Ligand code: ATP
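A lone chain, given as C-alpha cells: the form predicted on its own.
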C-alpha cells in the first residue's frame, strides 16, 4: 500500500513550464476537457522533461472523464487496450493518449486468472506471479499518481490554473537526479517487469542514478523480465536503443542481468571474448551519434549494430565447414530469430532486413564492385552502407571499400579504381529476321 501524502502544488510563478512548450493538439484537448467540466492534466514524462528543460517525445493526458465520455467528446477518438483501457485521439500527424485516472483495486475485486469465474471481465486481474494483467479501476488524480511507476513520473500539470502538482517526492528526486519507484520496488517490478527496463532507460537517457536499494531488487528480479509480452518487449527495445542513449543503456542492462535474461545466447557470446564487448560498445556509440546528428537509425540497422558481429562470426564458422556463405548466413539468421522471438517478438520484415544488410556486405567489400549503379538502387543499400561505415569506424575494416563508395556516391571519379576493361571487341550480335505469319483465310459458312 502506497502511503498518501499531502500534494505539493507549485503555482505558475514557481515553475518553468509554459503553454508555448506544450503540443498544440494536447493543449486543445486539455482545454476541451476542462470546458466540458472535467479535470484534465498533463502527466508523466512530458511534465518531467519540461521541468528539466528537455523536449518531450510525447504528451500524455489524464482526466476524470471515462473512456466512454472521452469517445463521445472527440470524434477522432479510438478506444484501445484490454490491460489498460485508453483513448487514442487521432490527429493528422500524431496520436495523443488520454487515460482515465486509476486507483488500486479493492481487495474484493482483485481476481486471478484461475479464480476469475464471472461472465463480466474483472476490472483488476493479476496472474499467479503477481503481474497485473488488467487494471481498469478508476479513481482520483492522487490515486492515479500513486499508481505510476516512479516518483519523477508522478508529476502533473493542471490546465485549470497552470500549476504543477507533486503527489509524491518527484520534484525532490528530480533535483537529486534519482530514479525511485513509488512504493515497494519488489511489488512494483513484480506487477509489471517492464518497469525494470524503464528504470534503466530513464537512468541512461537522463543521466540519473537508480536508488541503491531499488537497483539491488532490480538485479535480483532481472530474470523475470521474460514474463512480459514479447511484442511489448520489442517496443521497449526500440525505446532503449534508438533514442540516443544506446551505449549507457547497454551497460546497465549487462550489469543488472537484464541482458542475459533477454538474450542469453548473445550474452554468452559477448563475454566469450573481450573484443566482442569492445566492438558492440563502439557500434552503439555510433548509433547514438547518428541520433544526435538528426538521422536516427532504423530498427534493422540497430539490430545489425547490436547482433551483426555475432551473426557474422556464426556465418563464418558454418562457411568453414563447407556450407556456401549465403546459405550459412540464412541458417544463422533463422536460428537467431527463432531463439530471439521466444522473448522479444521481432517483426519478420525487420529480421529479413537484418539478413539482407549482412548479405549485402561482401558485394560492398568487393573492389571494384560489379554493377555499382544497380546496387545503389536496391532498397537495403542505404542501411548496408551505414553498417559498412560502422565496421570501418569501430573495427577499421574495409576502409578502402568505404572510400570507393563515398567517391562513387559523390561522383568524384578521380579516386575511384578503374572498372575492368575488356580488350577484345565483342562480336556484333546478328539481328534475327522476324518471321511473317501467313494471312488467315476466312471461310464463309
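It should be emphasised that the depicted structure is a prediction, and the values quoted were computed from it without experimental measurement. Positions refer to the first chain, counted from 1.
The discussion below concerns the form predicted in complex with ligand ATP, not included here.
Novice: When ligand ATP is placed as it is in the predicted bound form, which of 144 to 152, 367 to 375, 249 to 257, 270 to 278 ends up with heavy atoms within 4.5 Å of it?
Specialist: Result for this chain: 144 to 152.
Novice: Between the options 101, 157, 266, 202, which residue brings a heavy atom to within 4.5 Å of ligand ATP in the predicted bound form?
Specialist: Selected residue: 202.
Novice: Only one of 211, 166, 314, 192 comes within 4.5 Å of ligand ATP in the predicted bound form by heavy atoms, so just point that one out.
Specialist: Partner contact (heavy atom, 4.5 Å) among the options: 192.
Novice: Against ligand ATP in the predicted bound form, would residue 45 count as a contact residue? Criterion: heavy atoms within 4.5 Å.
Specialist: Flag for residue 45 set to yes.
Novice: Should residue 58 be counted as a contact of ligand ATP in the predicted bound form, where contact means heavy atoms within 4.5 Å?
Specialist: Heavy-atom contact with ligand ATP at 4.5 Å: present for residue 58.
Novice: Test of understanding: in the predicted bound form, would residue 227 fall inside 4.5 Å of ligand ATP by heavy atoms?
Specialist: Contact with ligand ATP, no.
Novice: Would you classify residue 380 as touching ligand ATP in the predicted bound form, given a 4.5 Å non-hydrogen atom cut-off?
Specialist: Output for residue 380 is no: heavy atoms all beyond 4.5 Å of ligand ATP.
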